[in-house]
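We begin with a single chain expressed as structure tokens, specifically the form predicted alone.
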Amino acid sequence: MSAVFKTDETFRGDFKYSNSPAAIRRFPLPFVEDKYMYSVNIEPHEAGPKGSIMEFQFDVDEHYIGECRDREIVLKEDPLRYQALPHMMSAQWDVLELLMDSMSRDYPGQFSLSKHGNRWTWHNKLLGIKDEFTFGDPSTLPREPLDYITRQAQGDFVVMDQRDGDLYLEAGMVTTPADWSMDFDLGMTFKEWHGPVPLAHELNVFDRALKFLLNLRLNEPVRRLNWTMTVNPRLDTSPEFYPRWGSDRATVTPDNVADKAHVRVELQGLWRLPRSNAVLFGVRCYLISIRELATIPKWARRTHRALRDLHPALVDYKGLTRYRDHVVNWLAPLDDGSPTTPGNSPE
């Protein structure tokens, strides 16, 4: 993790956002080979290499302060980005405990948690938050437990209740969505929620994923990568605010594509929760401009090939139709045709 936390980043307006050289090298390129097709690609969420985004279960990086600030902006304008049905309170405490335990253990310089029975003290040094509360008593926190702790974590969080052989989306904090709506999807089953994804249903991807998740075990979390692209380093690409960002796609030109077009990767983690038996679905978003990505020669070659040969249905679904060719053409001179090494790490 970078020791320097940026304090003046913005994900809207002037888009004052960039990745340090260290952040570029730890970016999770979603292409593990020179072509891409939608797949489940689930693996155990085990500790990754030191300094990587997968070193710990919840990654805290140089963009932490800016991302938490952006979440506050979204929630102030649209409070329904956080919702939790009444029967999900036990799951809320599960998530609070998981995040507090993980963050204080893995980042002791930034977070601390002390427990004296049910009296807990949480100190978030990066955001200047310190609260003492009674675990299990929501009246002792300034907000509901899930609302409170996810305002202090990067990425989105959805909690799915398991019953009747299915998973139901019934609580969550979603302020950085890739064109889906927490308010619209609340209460949906797992497959209803993922209904718009093309090709995956024909390949039975979600039938297999649901079967796997219904059998997810305690203390055995899993993860996968998903990706799309976005114009400008914008975190909130929600349907509710589509008029604000939808037209951005028409602003990409051959001259500005390297700086405006960003690869957006989601590190998706899934945890079985101990008390409620619910499943937590964490969606951590990483953004990198095409110019930043191209500083890694292997990534420039591979991304050129993956986007050039992307299935037309995925080009449309990921919203790339207007500017995919600009990205491919910009990357083409950087692809000398040489083979790429396996995996997504820099050479």
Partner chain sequence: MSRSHSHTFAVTVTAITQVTPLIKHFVLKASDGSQLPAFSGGSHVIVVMKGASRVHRNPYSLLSSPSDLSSYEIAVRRADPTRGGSVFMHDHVTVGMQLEIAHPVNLFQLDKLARKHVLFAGGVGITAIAAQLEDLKMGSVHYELHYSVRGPEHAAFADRLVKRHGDRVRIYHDSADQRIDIEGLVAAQPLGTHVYVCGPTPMIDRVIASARAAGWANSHIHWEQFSAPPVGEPFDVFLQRSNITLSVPPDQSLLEAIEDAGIDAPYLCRGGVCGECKCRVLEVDGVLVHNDNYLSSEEKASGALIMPCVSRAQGKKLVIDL
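What you see is a predicted model, and the numbers here were worked out from it, not measured in a lab. Numbering follows the first chain given and starts at 1.
Below: the form predicted in complex with its partner chain, not depicted.
Trainee: By the heavy atom within 4.5 Å rule, which residue out of Thr134, Asn256, Ser102, Asn277 makes contact with its partner chain in the predicted bound form?
Mentor: If I apply the 4.5 Å criterion carefully, the residue I get is Asn277.
Trainee: Which residue, Arg119, Arg143, Arg163, Lys76, is the contact with its partner chain in the predicted bound form, using a 4.5 Å heavy atom cutoff?
Mentor: So the residue touching its partner chain in the predicted bound form, by this definition, is Arg163.
Trainee: Considering its partner chain in the predicted bound form, find the one stretch among 155-163, 233-241, 248-256, 105-113 with heavy atoms no farther than 4.5 Å from it.
Mentor: Result of the contact check: 155-163.
Trainee: Given that its partner chain is not shown alongside this chain, does Glu220 nevertheless sit within 4.5 Å of it in the predicted bound form, heavy atom to heavy atom?
Mentor: Within the cut-off, so yes.
Trainee: Can you tell me whether His87 touches its partner chain? I mean in the predicted bound form, with a 4.5 angstroms heavy atom cut-off.
Mentor: His87: contacts its partner chain in the predicted bound form.
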